[in-house]
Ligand code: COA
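So this first bit is one chain, no partners, the form predicted alone, shown in structure tokens.
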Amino acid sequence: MALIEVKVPDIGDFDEVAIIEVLVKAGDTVKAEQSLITVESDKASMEIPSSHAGVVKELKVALGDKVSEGSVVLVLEAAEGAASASAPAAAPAAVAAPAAPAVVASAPVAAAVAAPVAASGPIEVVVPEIGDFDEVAVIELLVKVGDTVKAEQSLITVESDKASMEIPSSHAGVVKSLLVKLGDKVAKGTPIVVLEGAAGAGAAPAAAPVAAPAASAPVAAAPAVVAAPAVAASAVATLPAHQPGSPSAALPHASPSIRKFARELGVPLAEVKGSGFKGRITQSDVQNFVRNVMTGGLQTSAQQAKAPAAAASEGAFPGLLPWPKVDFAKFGPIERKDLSRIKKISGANLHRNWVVIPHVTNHDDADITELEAFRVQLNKENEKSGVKVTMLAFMIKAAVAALKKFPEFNASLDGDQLVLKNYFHIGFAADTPNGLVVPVIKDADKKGIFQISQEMAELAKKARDGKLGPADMTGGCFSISSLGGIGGKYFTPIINAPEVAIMGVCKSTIEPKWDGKAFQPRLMLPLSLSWDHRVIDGAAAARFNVYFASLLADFRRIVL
């Protein structure tokens, strides 16, 4: 066995950095390039990987120590010949969130800094040098058209498999147009935005990548690097309060490896209390958070995260057996296909909502014979308007009236308090080729049937085109999930947290109903109301469903 000293590699233009996290302990077996410690400067945090594989014999550093290039981190006991066979020390594996607001990482001192150059007219801002990455995905938009930005202000967040980073503006000005959207792939030179009124703004120098003795673990050290959780593309079926693309005021204090671990479990780091050095979030903090949620001891607000199926597949949830690992190919031909980004994000939120919220579902039927005849008549009379009235538009108005009569359904839990809302925003499920999304009709109480129908058509088209923005899908009070165009009888819709109820609707059918003298053919609409038993009891749910059905049976009740 050979003893090997693992040292801090070249970490770029930093003299000394503080150790803020020790990721291994004596006796641990580590692999080459496995992260050993996390260090932090005033500009960024980064993980220092191991140059060799072996067993940790002795730690040479502690929390709070200052280290620089060449500092000994630990002593490894490796197999004979490992020292000569192993690659040189790898560069830091990933760069995490800056402790302060995003700043551009300094280029080496020798790098020439461009003098301010006066500019006039539109300026196209492009992705600068981002290190050893061909393409990275846009996971966050930090500005919108009309925003005034400063030179070096962050415009977008991108993510590779090694790190996430914010891309800054090279000039100051007003955003005239955005040239990228969430989910796009960008590379060096890709145009991001067009700025106007950038006179006198100097081009921000591109930050150079952190140098590494070997290319075993390249580092993107260009713009300020942030290990933010991956968020959805603009058409995600997020049912949560979290708004993708909205920068948070303060990023959680956690290393890149912990951020990745949290994303895989679907854990919102902003809600995890760190127990580590200076309040940093540790792996055990994330695991305890999951344990508390699973046992009902903690309620989370909704945020974008990776699907927790990844966690279940590794048996990460306490008390559950690991997900079965099967070689399907041995049974016959198979094909693998990645889940769409929408399904990854919506799956994570639906899984959390189903686990955390105690669902109960009431089933009922609404007689919509007269209402359907009225709807058909309206569409004939207004054929030239181009606006087609759907049954869902009537259901949205009925939902508003029912929420007014039963205000506990127009509420959200906030700890031990119930937030009762005095606005009426109704979400409706829209089916798209990439998955389900839930656009929201805002202020439905102030709109008529035609206006609601027109808005629904516009939002549904945006959903199909993948152009829904966060503002189109947030703020909902109550949702309606309609399978009317497909079929079925009843189902159990999953509540869209932080809402407390959702109405599921299936295909209407003609059924014989006794009128006291004879059976009459009536058009019946199946209703499935799911409700949160922490807020609503069975009697209230039954009354809500009966009232909702009565409104559809005789729409004149809406005005009462």
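Numbers for residues come from their place in the sequence shown, where the first is 1. Everything numeric here is computed off the predicted structure, so don't read it as measured data.
Below, we refer to the form predicted in complex with the named molecule, which is not included among the displayed structures.
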query	finding
Segment assignment from 150 to 158, 383 to 391, 259 to 267, 176 to 184: heavy atom within 4.5 Å of the named molecule in the predicted bound form	383 to 391
Contact residue in the predicted bound form, from 505, 36, 46, 501 (heavy atom within 4.5 Å of the named molecule)	505
Option touching the named molecule, based on a heavy atom within 4.5 Å in the predicted bound form, out of 319, 121, 485, 407	485
4.5 angstroms heavy atom contact with the named molecule in the predicted bound form for residue 339	no
Contact flag, residue 481 vs the named molecule in the predicted bound form, heavy atom cut 4.5 Å	yes
Contact test in the predicted bound form: residue 135 vs the named molecule, heavy atoms, 4.5 Å	no
Touches the named molecule in the predicted bound form: residue 464 (any heavy atom, 4.5 Å)	yes
Check all three, 447, 542 and 548, heavy atom within 4.5 Å of the named molecule in the predicted bound form	no
The named molecule in the predicted bound form - contacting residues of 439 to 464, heavy atom within 4.5 Å	456, 460, 464
